[in-house]
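Quick setup: one chain, the form predicted on its own, written in structure tokens, and binding and motion questions come after.
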Amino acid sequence: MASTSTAPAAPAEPRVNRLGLPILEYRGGKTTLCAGCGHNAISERILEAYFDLGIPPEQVAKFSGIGCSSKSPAYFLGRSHAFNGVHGRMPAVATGALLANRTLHGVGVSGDGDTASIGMGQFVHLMRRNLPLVYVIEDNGVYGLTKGQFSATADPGSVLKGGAVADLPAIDTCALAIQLGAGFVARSFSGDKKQLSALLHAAIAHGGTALLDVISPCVTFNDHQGSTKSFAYVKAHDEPLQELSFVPALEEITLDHEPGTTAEVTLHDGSRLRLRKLEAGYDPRQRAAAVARLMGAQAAGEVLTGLLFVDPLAPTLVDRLGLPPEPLATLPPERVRPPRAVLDAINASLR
């Protein structure tokens, strides 16, 4: 009797990006964060975004400070440059590196403690300078490495596992960034894969500071009833501003929507962000309206997500300084040292 067994199917070829690289080349080390931590989902979305956009891992510089969030860069883009700074000082390190070498794509990962407490002074000046950097805040409302105390982004009335109630006003990093001049400000949820992915793609394509505050529940200390940053609370109170889709500059741009329902924003590199409005009248290009909408959402107990504000034409710090496109360390002496005639003129003016 003839055998009916069939040969096993050949394994599928791994998907590659426009550089010919498989997604494996964009992965990092094995996570040591708690099982189920929202930070791991954010790491996955970040590596997928750089893979999809075809950015070489070696062209990316990762920056972080101290905290559970600041461990995250070890878990994506293992072949990229990386610097783990001291608590709250990631913006200063990123500023120096990205001004010295404009060819790098910068991504900084911070936490609500690292950003909104000890690092607030540096955060404020980074936002107003509009440095070309994707700034991701992994926001869980607590200090995960020091046993779950409230952070500065904890909402009033939120309750810790031990029963303590937050009684101080929360710092809204998105409202602050919009007021200070950041050109791209968004909020998302680590459990919303589609929205977070679109926002990360757009943030990478944006030319200046792109702040993305991601509510990322701490499964150990802040994922219980009474927490306003738990999975259940965010899912129940999520108020999305729009449905987002991202079209890279390398792909054909087509239109597929009903007139009057979709806005389209062209980003720095030619990519486009499509916004199908769920909230009538909201325009993410209006700075004052964005702050007002955030304040209204906070008063109503909503978690407002989506693209809050965007200005792709805002000049960056690199534009203001007039820096050359080459890394500064590669410039020859004649381009960085004033000629003798300039020194003679300075000396003459002081006599």
Partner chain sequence: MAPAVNDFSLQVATVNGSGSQSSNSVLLRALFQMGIPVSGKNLFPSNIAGLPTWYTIRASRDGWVARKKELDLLVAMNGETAAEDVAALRPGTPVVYDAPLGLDQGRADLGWYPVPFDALVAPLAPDAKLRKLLRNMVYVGTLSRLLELELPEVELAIGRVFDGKPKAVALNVAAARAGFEHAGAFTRPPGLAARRMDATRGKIIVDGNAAAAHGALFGGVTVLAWYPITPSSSLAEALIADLAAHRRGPDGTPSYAVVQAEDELSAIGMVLGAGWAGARAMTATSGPGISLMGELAGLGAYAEIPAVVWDVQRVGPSTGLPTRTQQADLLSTAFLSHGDTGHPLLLPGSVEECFTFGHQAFDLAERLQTPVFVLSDLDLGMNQWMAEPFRYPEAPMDRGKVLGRADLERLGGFARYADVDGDGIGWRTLPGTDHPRAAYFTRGSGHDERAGYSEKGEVYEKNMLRLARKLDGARALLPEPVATGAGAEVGVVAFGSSDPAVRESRAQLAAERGLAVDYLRVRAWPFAAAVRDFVAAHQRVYVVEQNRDGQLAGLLRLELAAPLAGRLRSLARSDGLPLDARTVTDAVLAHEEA
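The model shown is predicted, which means the values in this text are computed figures rather than measured ones. Positions refer to the first chain, counted from 1.
Omitted from view is the form predicted together with the partner chain, to which the following refers.
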| property | result |
| --- | --- |
| Proximity to the partner chain in the predicted bound form (heavy atom, within 4.5 Å), stretch among 230-238, 275-283, 146-154, 73-81 | 73-81 |
| Non-hydrogen atom within 4.5 Å of the partner chain in the predicted bound form for each of 85, 100 and 335 | yes |
| The partner chain contact at residue 93 in the predicted bound form, heavy atom, 4.5 Å | yes |
| In the predicted bound form, residue 58 touching the partner chain (heavy atom, 4.5 Å) | yes |
| Partner proximity in the predicted bound form: residue 89 to the partner chain, non-hydrogen atom cutoff 4.5 Å | yes |
| Proximity of residue 340 to the partner chain in the predicted bound form, heavy atoms at 4.5 Å | yes |
| Contact residue in the predicted bound form, chosen from 36, 324, 54, 315 - any heavy atom within 4.5 Å of the partner chain | 324 |
